[in-house]
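Given next, in structure tokens, is a single chain: the form predicted on its own.
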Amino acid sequence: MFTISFTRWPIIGSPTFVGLKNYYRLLHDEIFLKALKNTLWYALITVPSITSFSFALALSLRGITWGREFFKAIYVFPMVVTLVSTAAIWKGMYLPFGPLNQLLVNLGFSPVEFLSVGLVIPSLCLVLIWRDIGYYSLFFLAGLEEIPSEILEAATVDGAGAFQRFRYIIWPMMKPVTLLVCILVTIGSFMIFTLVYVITGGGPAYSSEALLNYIYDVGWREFRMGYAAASAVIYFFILFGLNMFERLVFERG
């Protein structure tokens, strides 16, 4: 991929070396820059939301002693459904006369254009959040169950409140799990291809276009493989840089 990014290759025929022209054109490509901005917004919204909600869900599930396995199954269920099916269902729910708007009208509110330019990114992020928080809460639950109960009981006897126990005991011991979840969610937010492809197709006016959708369109619809490879290289380095940044934040935090 890295080698092809320095070429012009329409699939048919041999690649032609063009140097850094693909990268230069990408920096002036408005659609690519729009897709990059949208993808960063997907990550900015979903990573803190899924991580925090999953953690809170795991904390509440940890206090349940009866029926815990039932709740685990319920939480994982959205991940079992294929993403294409999930996207198709939510596309129907987001329609102007879909169930969500019907509910808003019945409650006395005006219908909402969920897939409009201003709301399409939060609407797609909501699907990811709904789908993933239950799954990642099991990561946190596994980490919480590894914390010795004796430590928490001793802290309680010494007068530590719930917030103090969380800050000085639970949070430091949960950092590795939290880092893992942040990295996985970051990668997942950059792989939002299917939701965009099925629900919006990148529209309206490229307001929901993600980097993977852009790479797919350029490579497999326009047959500009060298240009698509250059986009993929930039995609890789941005994702790699974000993961390194998250590691640095957790190591110093």
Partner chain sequence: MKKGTLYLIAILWAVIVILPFLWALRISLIPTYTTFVSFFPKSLSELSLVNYEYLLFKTKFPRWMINSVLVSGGATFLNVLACSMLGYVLARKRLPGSNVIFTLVLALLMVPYHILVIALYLGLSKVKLTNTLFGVILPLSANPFGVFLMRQYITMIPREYEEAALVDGCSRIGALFKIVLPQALPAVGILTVTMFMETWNNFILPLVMLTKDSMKTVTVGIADLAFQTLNTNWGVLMAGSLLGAVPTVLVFVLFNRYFLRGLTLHGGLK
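Residue numbers count along the first chain shown, from 1. Values in this document were obtained by computation on a predicted structure and should not be read as measured data.
Another form exists, predicted together with the partner chain; not displayed. Remarks below refer to it.
Novice: Only one of these stretches, 145 to 153, 95 to 103, 117 to 125, 166 to 174, has heavy atoms within 4.5 Å of the partner chain in the model of the complex; which one is it?
Specialist: That would be 95 to 103.
Novice: In the model of the complex, is there a heavy atom of the partner chain that lies within 4.5 Å of any heavy atom of Y24, even though the partner is absent here?
Specialist: No, Y24 is distant from the partner.
Novice: Would W130 sit within 4.5 Å of the partner chain in the model of the complex, counting heavy atoms only?
Specialist: Answer yes; at least one heavy atom of W130 falls within 4.5 Å of the partner chain in the model of the complex.
Novice: Given that the partner is absent here, does I45 sit within 4.5 Å of the partner chain in the model of the complex, heavy atoms only?
Specialist: No - in the model of the complex, heavy atoms of I45 and the partner chain never come within 4.5 Å of each other.
Novice: Using heavy atoms and a 4.5 Å limit, would one call L242 a contact residue for the partner chain in the model of the complex?
Specialist: Flag for L242 set to no.
Novice: Within 4.5 Å of the partner chain in the model of the complex, counting any non-hydrogen atom, which residues from 205 to 221 show up?
Specialist: Those in contact are L212, I215, Y216, W220.
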